[in-house]
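Consider the single chain below, provided in structure tokens and representing the form predicted on its own.
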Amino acid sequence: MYSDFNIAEFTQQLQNCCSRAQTKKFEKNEIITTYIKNRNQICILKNGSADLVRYDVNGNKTIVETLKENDVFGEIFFPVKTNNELFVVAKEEVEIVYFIYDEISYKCTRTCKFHETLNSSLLKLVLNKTISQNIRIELLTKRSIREKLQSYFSTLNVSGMNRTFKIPLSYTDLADYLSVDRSAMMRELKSLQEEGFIERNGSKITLRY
């Protein structure tokens, strides 16, 4: 990702300088947005956490993406081609900064230097999101539950230095995120622990491989 691109700083500038950007707060379990309409909306999670979820025709839930502070989401990244609507649901109280991509490049009603560099900033924002989605795609291409778990653990252990970390999801949500059966996933976690690949204490994982 672009190490020189500070999303938090960009978001604050967007709020302060651009009249087309809007800010809104949502309570826990409130629907932030849906993706059934292609509104070319880009949202930035300024604080809090949320899930992008989908329910199939049988009512089965899949967590498509987990969102945390400074993460970016919106209809523009997931063109909806089916009747399976996508929902972004707040997991706690959140604050969202959002704007319509097609409108944001128009001249602001305020005279601001921010718009001179806005297009390049938006490009970095979208590219960072694309990289994040590619990581998610790679995770879902793993064939077995074990491979999915190990790949997910690797994403949490980004630096490779601190091999102990806390899973930011409940085990039920993790199963939904990995698109696997929860009972089968828990059995695989137990096997990984018994075989010495990991140590597990609640949601805390230590890698031994």
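Position 1 is the first residue in the sequence shown; the rest follow in order. As the structure is a computational prediction, the values presented were derived from the model and not from experiment.
Missing here is the form predicted in complex with the DNA; even so, the following discussion is about that form.
With respect to the DNA in the predicted bound form, the three residues 28, 186 and 190 uniformly fall within 4.5 angstroms at the level of their nearest heavy atom. Interface residue remark: residue 34 is not counted as part of the site for the DNA in the predicted bound form, having no heavy atom within 4.5 Å.
Proximity of residue 182 to the DNA in the predicted bound form falls within the 4.5 Å heavy atom cutoff. Under a 4.5 angstroms non-hydrogen atom cutoff, the DNA in the predicted bound form lacks residue 64 among its neighbouring residues. Residue contact check for residue 52: none of its heavy atoms lie within 4.5 Å of the DNA in the predicted bound form. In terms of contact with the DNA in the predicted bound form, the residue from 164, 170, 70, 154 that brings a heavy atom within 4.5 Å is 170.
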